[in-house]
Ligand SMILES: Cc1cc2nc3c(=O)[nH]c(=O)nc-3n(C[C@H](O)[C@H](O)[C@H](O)COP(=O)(O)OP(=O)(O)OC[C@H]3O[C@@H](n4cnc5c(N)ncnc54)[C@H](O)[C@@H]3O)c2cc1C
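We begin with a single chain expressed as structure tokens, specifically the form predicted on its own.
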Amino acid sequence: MTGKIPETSRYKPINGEEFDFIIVGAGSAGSAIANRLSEIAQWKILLLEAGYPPVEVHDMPILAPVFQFTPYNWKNLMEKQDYMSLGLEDQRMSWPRGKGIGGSSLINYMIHVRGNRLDYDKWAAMGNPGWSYDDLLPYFMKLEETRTRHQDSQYRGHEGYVKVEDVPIRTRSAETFIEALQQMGYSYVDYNGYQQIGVSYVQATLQDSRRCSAEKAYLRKAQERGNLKIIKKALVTKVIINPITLEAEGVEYERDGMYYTAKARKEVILSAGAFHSPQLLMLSGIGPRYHLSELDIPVLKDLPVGQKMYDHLSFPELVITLNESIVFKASSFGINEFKKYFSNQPSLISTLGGVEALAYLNLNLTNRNPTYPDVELIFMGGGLHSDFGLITRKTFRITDRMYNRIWKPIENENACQILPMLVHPKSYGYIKLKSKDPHVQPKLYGNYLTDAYNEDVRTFIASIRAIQEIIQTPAFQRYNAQLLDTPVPGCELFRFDSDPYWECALRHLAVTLHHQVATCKMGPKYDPEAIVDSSLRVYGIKRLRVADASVIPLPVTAHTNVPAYMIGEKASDLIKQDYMYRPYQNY
């Protein structure tokens, strides 16, 4: 079954139609909000999405990287940065974002991670009441139905819309990774439970071994409600704001070359994601005065929209060669695996693009809290060579020169990869409008590895040293594990395995895992960086909220899909409380 939105009059645009709430963006947060608000039968809800509904092949987890080449990806590219992305095509990093009913949950790797208790306690300490871990745990539990074999059940939900499962097939190399970390003294943990530091097989947003997207979880049944209207292929071009009262009155959107307006009796809610929510605010006159003035956009509210953006950077070059076939190989994915998949048997088609296990480590550099990780290690029972360089490495835009030197010679070898991901970067980038034309994508600046004290580079190098220790454990040495020592082209002048060599390699081949946050930062009124308050209301503009990953004030120890679901659930309750128990209050 697909998430097809019926082509009936109920789903077609009507110019000037009125709704109680208008939600912009059917991603993880927007889908959750549309479901929860439409639970109130007397509320009329409009959900606008620029993309299409998913199709059946979206269900196949192994195809996760493939969807980055389809119309379900906005296909954004980072602007060139000096001394960064030197091994990528045109020195520009791919920054994928989902475009479709389900948003990025249609194209992500389905890795289910909430984050660390301290992430959310920091939010509360920054002046955001109601956003501590204890405040948010009920929402994390509410959204999920956990079916994993190993779980801290008192921390896990069992009745929610988002299904969480184990991947049904595992390689022996993943077992080796787990064993190796345990030999180093790390516990096997439910990283969404009591303790995050440790190692675990990956928990996946799967339902019966198939992708469980936001569309499947929150909208597939909710779309049958008579008070919820979903319009696909609808690009919102601006929020309509009364320039006198500074009140959001609705939105303008374009569909099939025709322009429409929709009116909101109560609120407009932006859930368009970390790139498009700030873009829409700026197009609507809410943003940095100097920048909007450059583009002749009338300024309604001077706020630092898009001026800070954190992201999770990773490094896909650490290849481990083995003397035994305990890994994924292209030859493993034959017709029989598809037959198993379609007959609901355990199949390699249900693997998360090759991701099998995660470990969270505290490297004790600048972070002295033993319960708070510095890095996430992502174990893949294969690597960029496993598909002969045809798909995954192209999602990263790794050049032929790089691939042919490093990975091509091992295409028929036994090899796996461990990718370190920096979870709390000190460096941050920003977003600017390229044009006041809403069809033109914004300019995205990563500013990776630019922090004043070079902590990001030092933490990355420490994570590489930790991976080298993992490789030397008895578990891996049973297979004569070796770190591939082919020098990265462009770094030959540095001694291999020296710190300067690894910094050079990072500046050539580090890539985003597309977890951008903070472009519409949540914070108290006295925070000069804040765009929304702790109820997600845009400062200075009435009846307008932002509810998606863009409001996350600091990078979290997580992949951002699950925090986005949580924000959707929390926002829905904030809105219900405002309208069901007391009148909307100005602030």
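Remember, predicted model here, so these are calculated numbers, not experimental data. A residue's number is simply how far along the shown sequence it sits, counting from 1.
Same protein, other form: the form predicted in complex with the ligand, not shown, and the subject of what follows.
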In the predicted bound form, the residue from 543, 521, 58, 559 with a non-hydrogen atom within 4.5 Å of the ligand is 559
Of the residues 506, 303, 418, 236, which one places a heavy atom within 4.5 Å of the ligand in the predicted bound form?
-> 236
Contact flag, residue 402 vs the ligand in the predicted bound form, heavy atom cut 4.5 Å | no
Considering only heavy atoms, tell me if residue 213 and the ligand come within 4.5 Å of each other in the predicted bound form.
-> no
Please check if residue 100 has a heavy atom lying within 4.5 Å of any heavy atom of the ligand in the predicted bound form.
-> yes
Partner proximity in the predicted bound form: residue 108 to the ligand, non-hydrogen atom cutoff 4.5 Å = yes
With a 4.5 Å heavy atom cut-off to the ligand in the predicted bound form, the contacting stretch among 265-273, 311-319, 491-499, 365-373 is 265-273
Looking in the predicted bound form, is the ligand within 4.5 angstroms of a heavy atom from every one of 11, 38 and 220?
-> no
